[in-house]
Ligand SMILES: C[S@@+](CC[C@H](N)C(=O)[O-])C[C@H]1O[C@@H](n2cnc3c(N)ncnc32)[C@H](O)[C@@H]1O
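Below you will find one chain, with nothing else, as structure tokens; this is the form predicted on its own, and questions on how it binds or moves follow later.
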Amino acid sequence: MLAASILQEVESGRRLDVAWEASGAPAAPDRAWIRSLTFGTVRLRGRLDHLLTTVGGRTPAELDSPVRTALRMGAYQILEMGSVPGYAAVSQSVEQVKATRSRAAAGLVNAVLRKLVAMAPAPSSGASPGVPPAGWGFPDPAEDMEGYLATWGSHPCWLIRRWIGRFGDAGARRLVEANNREPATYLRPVGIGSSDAAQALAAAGLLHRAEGEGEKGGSGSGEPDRRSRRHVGRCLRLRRGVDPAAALQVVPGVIQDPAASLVADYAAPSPGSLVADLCAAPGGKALALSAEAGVVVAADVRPRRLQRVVEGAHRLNARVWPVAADARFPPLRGAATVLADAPCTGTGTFRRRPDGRWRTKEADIARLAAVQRRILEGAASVVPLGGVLVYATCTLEPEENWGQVRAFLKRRPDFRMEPGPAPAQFLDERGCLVVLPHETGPAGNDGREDVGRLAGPSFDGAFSARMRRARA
């Protein structure tokens, strides 16, 4: 089974997105179903493991990897995928184990998953998917929010503790809930206006339509309804289940979350200028910036990942010059705008890259902060007098964001904050771009609506600081 092979690759240490692409699943006729199963199983691993331990009496970590994978996949289908009957999920999981393990292992999978089928609420019961049914043994959030968010919320304890300390119980809960919603897919047009791109995607049946919107938009005028565009950061929301490659054949652009697109807008290079993107792969921001800049030098230390930049530049006929180089030692001087989109813990992208929550360790914050400092120093060496340095991450952790920028500004008093353009709700008091997943999208299950919260799905997290080097 294709989904099982992908999850086994992840078990062996491979990144989920890499395993997904390498498996051939993106070209499969049932790609949407396979993606929902594989990504969902990884996303809710903490919740599934808690239930499997409660029902089976043994933690999945104690079992062989193929058995553990079969149990998690079966549990996810039973509890989260209404299109799969419980008996079918059990039967498929048992056969999957029989092909690789003993009859005893198959018997264990059969017994545990049958218990889960008996526990699962009926589709017509009205049970809220956002709240664990009574009797499932999850901690009470009123008494143990950390335990609740680690198990039902399916996040590592160390991260939950950090987020509770920073955002409080309610904020951490909303953030976890945002991370556990399946992300929407967005396309940022490059070299074509957003209105024309929206028309083309709508005509091809690829543009998301808001609930109740007609085939030709809510007004019946043929103009796609603005509610369906989610037109933030120049991005257009695609219809769920659409193959991104199909959308890119209709509209030239890049598949990019609005948070990443906002970073590109915030950089705001002067038209026709030279831009250096020093951590460019896979190239989304470099390609977005190419629409405004004269030339973008897209550097990355990983030649294999740089191939994605090459392919994107060729597809869009963009003025992007890829070069394999270490951002700590940039291969050029004097770029008007320098973007250092530094490697980070990526805690703002755990909704889109769910395996990241299990791979990332608390010690990675300090380790990557040291790397980011060296990259910032290298990037600053490329910025001429009067030039702009843009530092960006996709993490939510302050040590990697403002903490990093604050330390840099103390070391380099010749740089000053000069915010770029961004919607007011995404600019903090220092002028930094800050996008938090739980402050975009719908309210959480507590029904609370925050001021400035946008309609539609949540965005990824992002941080960026734009600094200008003094001329004298």
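Residue indices: 1-based, along the sequence shown. Since this is a predicted model, take the numbers as computed values, not measurements.
Although it is not shown, the form predicted in complex with this ligand is what the next lines describe.
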Query raised in the report: residue 284 near this ligand in the model of the complex, any heavy atom under 4.5 Å?
Result: yes
Query raised in the report: Any chance residue 373 has a heavy atom within 4.5 Å of this ligand in the model of the complex?
Result: no
Requested in this report: Look up in the model of the complex whether residue 327 has a non-hydrogen atom within 4.5 angstroms of this ligand, and give yes or no.
Outcome: yes
Query raised in the report: Any of the heavy atoms of residue 343 lying within 4.5 Å of this ligand in the model of the complex?
Result: yes
Query raised in the report: Which residue among 278, 396, 175, 389 has a heavy atom within 4.5 angstroms of this ligand in the model of the complex?
Result: 278
Query - Option touching this ligand, based on a heavy atom within 4.5 Å in the model of the complex, out of 301, 164, 119, 295 - result: 301
Requested in this report: Among 302 to 310, 192 to 200, 72 to 80, 167 to 175, mark the stretch whose residues have heavy atoms within 4.5 Å of this ligand in the model of the complex.
Outcome: 302 to 310
Query raised in the report: If you look in the model of the complex, which residues in 71 to 110 sit within 4.5 Å of this ligand (heavy atoms)?
Result: none
